[in-house]
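Heads up, the chain below is alone and in the form predicted on its own; it's given as structure tokens.
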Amino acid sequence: MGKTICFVNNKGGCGKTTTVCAVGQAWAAMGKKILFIDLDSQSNLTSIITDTDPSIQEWETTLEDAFVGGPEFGLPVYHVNDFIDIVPSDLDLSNFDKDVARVTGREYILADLLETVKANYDYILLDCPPALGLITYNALVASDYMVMVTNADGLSYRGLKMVASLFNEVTGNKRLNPQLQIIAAIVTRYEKNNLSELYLQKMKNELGDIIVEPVVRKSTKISQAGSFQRNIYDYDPTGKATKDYMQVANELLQRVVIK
């Protein structure tokens, strides 16, 4: 039965989608069967994994169709290669709150959908939107593990605090997901200076071993890869941040296996 991992932060622009891609693609290269699920209506994960333009790509069905249709409709899984599948999203996902407003048990929609596919994968990776609304709530309820993705700055730090509050809400309710575990906090786009050192130390003091080493160094090419809908291993295979991400992926896999 595949393990489900959600990647979360309330702040946008912290490298979350890049991190989801980097981790999943590294694991796929190790022979793990991966399902990516794009929970963001901006559909950046979909664009990178499928090498498509979100402004012109028209998927026959997307995640929003599954949310509206429920488990009987099933998840629209698209095959990418022997080790990677994806459930794509598009702008229709922005209608999620409105479309499920009258659905009973709407916190469990994603969890119910995942039950139909878990057996097919080693790991299911959820790329959450930069908001702590109902979609992210669904992700936490449906997941085995949570990974926080952050920059070493004040806005990201406050975003982590908000994520921790939502985590406590979900795990503190035995009817939601008391088994959910925070397995890692990944620091991205790190550029050594006094301010970043201050916030990195604050995070280490509060989160301890949850912080993954190494931190991922800031890289222009990594930013470019996301803008061009390219994965980092193809776009900058020998870059310093790419090497950081590979080490992070290895460390995260060890944590999941040990758990």
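Bear in mind the structure is a predicted one, so any value in this text is a computation, not a measurement. Quick note: we count residues from 1 along the sequence shown, nothing fancier.
FYI, the form predicted in complex with a small molecule isn't displayed, but the following is about it.
Partner contact region in the predicted bound form: 217 to 225, out of 194 to 202, 61 to 69, 217 to 225, 24 to 32, criterion any non-hydrogen atom within 4.5 Å of the small molecule.
The shortest heavy atom separation between Ala249 and the small molecule in the predicted bound form exceeds 4.5 Å.
Contact between Gly12 and the small molecule in the predicted bound form is found at the 4.5 Å heavy atom cutoff. In the predicted bound form, the small molecule sits within 4.5 Å of a heavy atom of Asn44.
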